[in-house]
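Before any questions on binding or motion, here is one chain by itself as structure tokens, the form predicted alone.
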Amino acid sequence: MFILKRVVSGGGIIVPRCTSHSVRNFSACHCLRSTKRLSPYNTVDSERYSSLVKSVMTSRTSSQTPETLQEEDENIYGPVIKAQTSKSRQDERVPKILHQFLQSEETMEAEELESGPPVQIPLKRDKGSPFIPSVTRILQQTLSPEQIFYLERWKKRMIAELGEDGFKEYTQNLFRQGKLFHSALEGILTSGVTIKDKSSGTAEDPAEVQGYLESISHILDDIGAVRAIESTVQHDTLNYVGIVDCVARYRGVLCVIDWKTSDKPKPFLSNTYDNPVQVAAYAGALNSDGNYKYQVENGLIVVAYKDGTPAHAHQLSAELMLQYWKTWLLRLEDFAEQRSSHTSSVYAKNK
């Protein structure tokens, strides 16, 4: 290795001179530059340091994992129970008695069936007669744990946003709008005017329902041969009553039709919750009610929107109706068990 040294000549001029030294003498030469600084990390246990870094990084990323987020959500709202489909519940339970959905395979001639005005049988509650529960009441009292959870969660959020009085006013407005919508729709379906001419509403209809009527206008174009409007149906064997919104032909198929309103889009049948069970319950009661001389195998759920967005129509085939009919029979069993337990507890207290 060659190193430059300073050599002073007689004239006082510094002349560089090349001198060779071995590598082992290199560290002894401190005239050219200072000794190289040692990094403090050189004395660190690299393996231990690496473990520390991994530990810190792991703790930082794991705080945002789905598992920890779910734990946080459960601490706030309680454990989340994944909803099961109607089909999966039926795989676990079957009705103790499989009551018939259709009471007769025979139907009347089309001309006779389609003649005459729509039937409207009012609901009568005689004080002296025994109480008969409605379809709506039975469904409300036999909600599954997950349905109750999500319903209560929605209610708490709405109250937090609107307050107690605001939420009460909100629900009252929903009920009133639904009633006005059904009333306006009844006028359209029972009037002598062609449905297509009145499907978008008139100036006589309340402003609050104009959007709903516009929403279902394309559905009404496919409705014909209306057989019943806001009419009571009763199943004497299973002991329940209901009021069907409409029985008519939709695209040529006779259906029990249920009209719904919603603030949020419901493009899939699964978005309608217990509505298919409700329709199956109405159809089963109608098929056993002597006031109706025909049988209905199919259903239709129409979801209308206030802003006039085209409504979603969810058709229930005969096969689907049978599935939801079985679910309805299970709900009836649950309701009967609840009433039996309540009666037993009241009897025990009074004993």
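So that there is no doubt, residue numbering starts at 1 and follows the sequence shown. In this text the structure is predicted, and so the values were computed from the model without any measurement.
We do not show the form predicted in complex with the DNA, though everything after this point is about it.
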{"item": "Non-hydrogen atom within 4.5 angstroms of the DNA in the model of the complex for each of F101, P118 and I229", "value": "no"}
{"item": "is_contact(G242, the DNA) in the model of the complex, heavy atom dist at most 4.5 Å", "value": "yes"}
{"item": "Non-hydrogen atom contact S217 with the DNA in the model of the complex at 4.5 angstroms", "value": "no"}
{"item": "Any non-hydrogen atom of Q140 within 4.5 angstroms of the DNA in the model of the complex", "value": "yes"}
{"item": "4.5 Å heavy atom contact, S129 to the DNA in the model of the complex", "value": "no"}
{"item": "Which of 218-226, 93-101, 271-279, 247-255 sits within 4.5 Å of the DNA in the model of the complex, heavy atom basis", "value": "271-279"}
{"item": "The DNA in the model of the complex - contacting residues of 125-139, heavy atom within 4.5 Å", "value": "R125, F131, I132, P133, S134, V135, T136, R137"}
